Structures are given as structure tokens and as C-alpha cells.
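Below sits a lone chain in C-alpha cells, taken as the form predicted on its own.
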Amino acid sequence: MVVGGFPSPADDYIEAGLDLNSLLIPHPISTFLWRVSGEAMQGAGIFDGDLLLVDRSLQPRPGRVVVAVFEGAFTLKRLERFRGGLRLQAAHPAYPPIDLTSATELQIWGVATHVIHPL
């Protein structure tokens, strides 16, 4: 835990042994690290150059950000319900949604779980 104010007199107690792998990667065999390219998910706080943890063992459900293969290229979008079906929605107005009912070449590759970017 970090406090944004003055140091506490209880600073003698500091957590030991922080393991980011155990905190961020519950399924190491099926988790991959991707470098984000593009602006399509800026509205979701995912920026060009960020690192993205993607877990292939998780079910792609509406509301989750997924990596998909669309027409032979990887894309990062949010899976959402739309008019009784599903679509991939960008978090940037310049990118149109992809309707999954009409997409002939589409595969959900994995589910994004964490994003890492510099402050």
C-alpha cells in the first residue's frame, strides 16, 4: 500500500517479497505479454507502446477487452453485446466496431487482464 501523504510512523512495517508474477499472472502457461500498437483503445486507458498481459485460458465475455484475429491481423477491442449479437468495439471514435455476426475471418485469441504503461 502506498499513501500519498507524509510518511507514517508505522513505516517500520514494510511488506516483504512482492512477486508480480503471482499477482498478475494466475495462468502462466497461457499468459502472454504483448506490446500495444495504435490508438484504438485509448479511451479504455490502453495506449500505444503499453505492455498488455493476455490470458488465453479465460473465456471471452462481453465487457472484456480481447485480442482477436480479424482478416489475418491482430486487433485489440472490447467484446460487447449489440442487437442480440456480439461485436468488437474500439475505445476511440475513429475506429468502427466489428460485427461478429458478419465477420467471416475472426477468432478471439485471448483476454487482456492487465495493462502496464509508464507514468
Partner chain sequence: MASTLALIDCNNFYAACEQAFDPLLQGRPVVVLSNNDGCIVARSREARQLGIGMGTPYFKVAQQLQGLGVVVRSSNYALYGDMSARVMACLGARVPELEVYSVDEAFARTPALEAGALLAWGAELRVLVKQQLGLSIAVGMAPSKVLAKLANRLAKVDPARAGVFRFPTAAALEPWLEAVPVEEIWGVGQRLARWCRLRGLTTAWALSQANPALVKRQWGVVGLRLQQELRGISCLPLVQGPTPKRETCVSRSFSKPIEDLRQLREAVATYVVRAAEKLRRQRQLTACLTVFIRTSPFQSGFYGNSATVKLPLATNDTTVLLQAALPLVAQLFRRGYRFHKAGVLLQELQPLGQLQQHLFVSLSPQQQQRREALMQLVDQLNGRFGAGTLQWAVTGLQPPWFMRRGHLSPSYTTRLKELPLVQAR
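Positions refer to the first chain, counted from 1. This structure is a prediction, so every number in the text was calculated from the model and none was measured.
The next section is about a form of this same protein that is not shown, the form predicted in complex with its partner chain.
Among residues of the shown chain, residue 39 is one whose heavy atoms approach its partner chain to within 4.5 Å in the predicted bound form. Residue contact with its partner chain in the predicted bound form: residue 53 places no heavy atom within 4.5 Å of it.
In the predicted bound form, its partner chain sits within 4.5 Å of a heavy atom belonging to residue 72.
Proximity of residue 77 to its partner chain in the predicted bound form falls within the 4.5 Å heavy atom cutoff.
Proximity to its partner chain in the predicted bound form, defined as a heavy atom within 4.5 Å, singles out one entry of 93, 28, 84, 63, which is 28.
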